[in-house]
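Shown next as structure tokens: one chain only, the form predicted alone.
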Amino acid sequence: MNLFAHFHGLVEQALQALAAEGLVPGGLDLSRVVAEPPRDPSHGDVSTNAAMVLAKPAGMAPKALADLLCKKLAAAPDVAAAEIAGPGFINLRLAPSIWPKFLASALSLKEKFGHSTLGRGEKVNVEYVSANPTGPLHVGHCRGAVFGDALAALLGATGYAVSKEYYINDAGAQVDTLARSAFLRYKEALGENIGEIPAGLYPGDYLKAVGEALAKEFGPRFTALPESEWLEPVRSKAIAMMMDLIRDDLAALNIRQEVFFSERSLHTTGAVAETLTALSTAGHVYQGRLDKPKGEVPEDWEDREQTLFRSTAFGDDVDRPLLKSDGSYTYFASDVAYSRDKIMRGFKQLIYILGADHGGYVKRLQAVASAIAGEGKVQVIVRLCQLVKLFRNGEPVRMSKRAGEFVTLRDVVDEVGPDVVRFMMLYRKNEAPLDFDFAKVTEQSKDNPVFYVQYAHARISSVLRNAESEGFKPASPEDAEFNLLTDEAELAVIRRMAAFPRLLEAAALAHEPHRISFYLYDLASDFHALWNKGKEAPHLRFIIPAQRQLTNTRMAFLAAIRYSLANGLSILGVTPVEEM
């Protein structure tokens, strides 16, 4: 039961009734009307801006429209009072009978509580991580990985058909550099002293395993061959092993993507050539020169006539080169073909999770989709993740010895565990910088949000186990007497739970899974407050042996709270632990 959707519906019914009576115009646009929790809980349970946003199109003063709406809403069975606040906002105080109905619904839905059909099965592609297959993932990749995975789960929970995808950049110069670096380790594995790793190659120790695997599989046969003959097999082996390493790193974070799409396949299947032909036929490709960029000139800028995509016709800042001076395809050409492939697979939303330094990709990706699918046919959404800074007791963390240049994702996960990493990566908005202190994220206190939320779930699980050992069990939704829950601390928890379905939909529409972590912390705080109040007031304790019906009802209440916590944690990819 989405309580706020229910009352949004009551507002719509009230407006329809007023229109039928000739008191307001019919056919008003209700798209900006919301029903939401008031900022100040003392103002009521539900607030709506209906009179504020509809007054002008209705040709009325906001307070006059609010007065008409209040009279209609106050007559609804679930409304105890309707009041006008400020210039025309309406606050509703709900009848006590609404809360038992809500709790019974939440308890019935169990693992589906909070889920919705908002997306109506629309196909969404979420591409995230997509790191070059040249080494282990670092902590910067970690944030994008967690954000993308949680966003995909959030969209899935709200009714979208989601595909989780990783784009393997296995066709650029970086994988040739990988092959040369692996070849050096191959010679080392054969007993050759390779000395210091030359500048421009990857120095990390993780490539020693690749060199050993090459030596075991091929023996010394490559040592006498020119690069043109060993480059391809060494590159293929190195990419395969790096992708195995990356998949293992992601699995350590409980991330398992369904699709790993190879950039190289776009070239071997002719998809890039086919895409450029299609764009050229549509008039989106031309021969021309680019103006010299203002400010610092990129290294790859060339003052020559070349093959260009009319990106500016679709809102981009500049037109984009499709061919290099040697006739090979640019990286952008591969991007265009990849976007076309996604669109041909039927996706209506293309979501890209990129690092903060990729802000320049937003307009070009949107331009590509508009050119291929038509304006407005496919939505392109780019979410940028800011940097993560690692600290230990306030001191910056040094680089990883294994990687040679950075702290690896696996280093962080191995030290504090995937649950801590995932929750803390989602406890800030993706666009805000994040400080991750190993000491703070593992302390057992209210100041550590992941501990505080998991502790609430574990506490509830402990009470339920203890109650079962004493012969109590959660009442069924039909038998629970939720009307017995009348204390303000109990009602605070129920009101917080009632916000969960609306919060999930709002978070999905905004692509902001961090809202769930904030919500879970607030719900845990309300629950812990109720727990502490029960220690001082015996009548609020969860288990009261002499009152079986009340105890079984409170067990049902706890089970419903636990579903709220567990369902939110599951979307974040965090384990709802049973004991701590």
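Here, rigid core means the biggest group of C-alpha atoms that superpose within 1.5 Å across both forms. Everything numeric in this text was worked out from a predicted model, so none of it was measured. Sequential numbering from 1, following the sequence displayed.
What comes next is about the form predicted together with the RNA, which is not displayed.
Contact with the RNA, judged by heavy atoms within 4.5 Å in the predicted complex, is confined among 145-153, 476-484, 120-128, 446-454 to 446-454. Within 4.5 Å of the RNA in the predicted complex, a heavy atom is found for none of E12, K110 and R289. Contact between T268 and the RNA in the predicted complex is not found at the 4.5 Å heavy atom cutoff. In the predicted complex, the RNA stays beyond 4.5 Å of every heavy atom belonging to K164. Proximity of P418 to the RNA in the predicted complex: non-hydrogen atoms within 4.5 Å are absent; the residue sits far from the partner. Taking the partner from elsewhere, V397 is found to have every heavy atom lying beyond 4.5 Å of the RNA in the predicted complex. The partner is absent here; in the predicted complex, the one residue of R256, R221, K216, K294 having a heavy atom within 4.5 Å of the RNA is K294.
Only one of Q306, S116, Q349, Q366 lies close to the RNA in the predicted complex, with a heavy atom inside 4.5 Å, and it is Q306.
Contacts to the RNA in the predicted complex (heavy atom within 4.5 Å) from stretch 523-544: H528, A529, W531, N532, G534, K535, E536, R541, F542, I543. Annotation for P545: C-alpha shift under 2 angstroms between the shown form and the other one, rigid core superposed. Positional change of A61 between the shown form and the other one reaches 2 Å or more at the C-alpha, relative to the superposed core. Once both forms are overlaid on the rigid core, the distance between the two CA positions of S42 between the shown form and the other one is 2 angstroms or more.
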